[in-house]
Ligand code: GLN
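In structure tokens, one chain follows: the form predicted alone.
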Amino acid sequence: MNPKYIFVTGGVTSSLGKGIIAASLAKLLQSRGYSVTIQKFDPYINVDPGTLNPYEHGECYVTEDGAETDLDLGHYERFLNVPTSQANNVTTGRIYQSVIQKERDGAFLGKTVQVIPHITDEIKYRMKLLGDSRKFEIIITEIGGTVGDIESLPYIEAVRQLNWEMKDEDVLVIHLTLLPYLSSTKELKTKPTQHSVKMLLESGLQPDILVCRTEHPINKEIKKKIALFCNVDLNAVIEAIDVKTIYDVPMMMLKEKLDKTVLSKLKLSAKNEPDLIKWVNFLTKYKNPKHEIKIGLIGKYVELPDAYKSIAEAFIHAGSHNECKVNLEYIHSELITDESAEHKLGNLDGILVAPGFGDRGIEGKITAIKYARMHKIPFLGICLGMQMAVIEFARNVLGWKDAHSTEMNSKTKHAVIDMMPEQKKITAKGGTMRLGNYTCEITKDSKAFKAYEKSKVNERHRHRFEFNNIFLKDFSSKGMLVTGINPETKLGEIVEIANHPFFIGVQFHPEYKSTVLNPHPLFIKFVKSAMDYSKN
């Protein structure tokens, strides 16, 4: 069977949740027995989000094969419990880079290279790439941006061409719009949706299904009006009312019969009723916690929580597993000093020091780690957080007051964190770090081993600097142990303090592998330790 293609576009305004709708639909189709994947096409000219400031674009998500991608791919994996890859995220920058390289190589035989057909052909090729692998029966493609944006036009045109080239039952367009509520007249307004669909029609594309974001229920009269004015079936107007958690959206879409409508239009059988027992169990425990804790997330991009999206979601997964509500308190590391530490951190049950780059705010991170170590508060350090834990220990336990990372101080005599040798000659920034899945071997009887319950794991990485093995014996002699190493490079992957209830730093990013159905074991154990600490 040839794969079916579903395209999800957005109108009226950005940030309506195309990624969550795409992931929720994919979850429902998967639960009915179909093999599904989702891809994201972003209209910005960066080749990938790896060089983007988190304030600009939120978190940069890393796939198993080392692609730096949009944070929506994290949602795809968390909902589907299936890894994504380099092919699942494409940007305008990557499209143009590929076409220009082909032109330089003489691939177009002297033709004038234009948006149509060359750019749109490249977009179509990328859209069909996952389908050509024959691994999936349904490919859902989220088109970034908002219909009407100049940046999105080539993507909309490419979808129009695919729609024309393929059979009607092989391509489906879902358009997500907003129904604003006017409190003065106490009514939902459909006009923005009508105009958004009109823009799509001007581009030659008729949506098959409309998903309408709303703060209030949509009655049948409004649905009928939208269906009539936008030329869609009545049952193809789907209500997407605001919910308390994104994990409610699949159940909401099931209630609205979005999956049945999609299958009907694609001329696919329902196969079976959706198997969502585990999903419902997760939601039940998440909404009915028996415990409650407060975790401090120490970072320097805390004004934009999306910068730490995967970490926040990993706490939701681990919290549900432990039947515990995890209240995350975002604390700016620049505001933490020796004087303010007690006030900022004294009421926490656990402290997580987040990833990041550069020297801004690192002294606050080090102070927070010292506080967690001294007061026996459960601590988890991720990537830069692990590196700062090493520096804090070197300064305050080993007595090396100048201890630092060469990222921040290249002249320190105690470079306890140093650049990996293979990174030293690299000058380009994009896609040049240690990226993707690597093996870690864990020492038995360690805290990490008790969390994972196995001695070999695979975790995703995104870093240039590492624990400096020259100082390994010095750290071990004072109680900071390297309990996880890469078997090939012998790089330190996990450090922990022996005489502490829970003090673990990891060079990798465990949050990337946490999903609804498979919460990450380190987060599960960290939450459990915080629960134990809160009872004392």
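Sequential numbering from 1, following the sequence displayed. It should be emphasised that the depicted structure is a prediction, and the values quoted were computed from it without experimental measurement.
Although it is not shown, the form predicted in complex with ligand GLN is what the next lines describe.
> Is Glu256 one of the residues lying within 4.5 Å of ligand GLN in the model of the complex, judged by heavy atom distances?
Residue-level check for Glu256: no, no contact with ligand GLN.
> Looking in the model of the complex, any heavy atom of His509 within 4.5 Å of ligand GLN?
Yes.
> Flag Glu407 as yes or no: does it have a non-hydrogen atom within 4.5 angstroms of any non-hydrogen atom of ligand GLN in the model of the complex?
Looking in the model of the complex, residue contacts with ligand GLN include Glu407, since a heavy atom lies within 4.5 Å.
> Does ligand GLN get within 4.5 angstroms of any non-hydrogen atom of Phe449 in the model of the complex?
It does not: once ligand GLN is placed as it appears in the model of the complex, Phe449 has no heavy atom within 4.5 Å of it.
> Tell me which stretch of 384 to 392, 84 to 92, 263 to 271, 316 to 324 has a heavy atom within 4.5 angstroms of ligand GLN in the model of the complex.
Flagged stretch: 384 to 392.
> I need to confirm a contact call. Of Phe136, Phe357, Tyr96, Tyr286, which residue comes within 4.5 Å of ligand GLN in the model of the complex, counting heavy atoms only?
Contact check passes for Phe357.
> Only one of Tyr308, Phe79, Phe465, Tyr371 has a non-hydrogen atom within 4.5 angstroms of ligand GLN in the model of the complex; which is it?
The option sitting close enough to the partner is Phe465.
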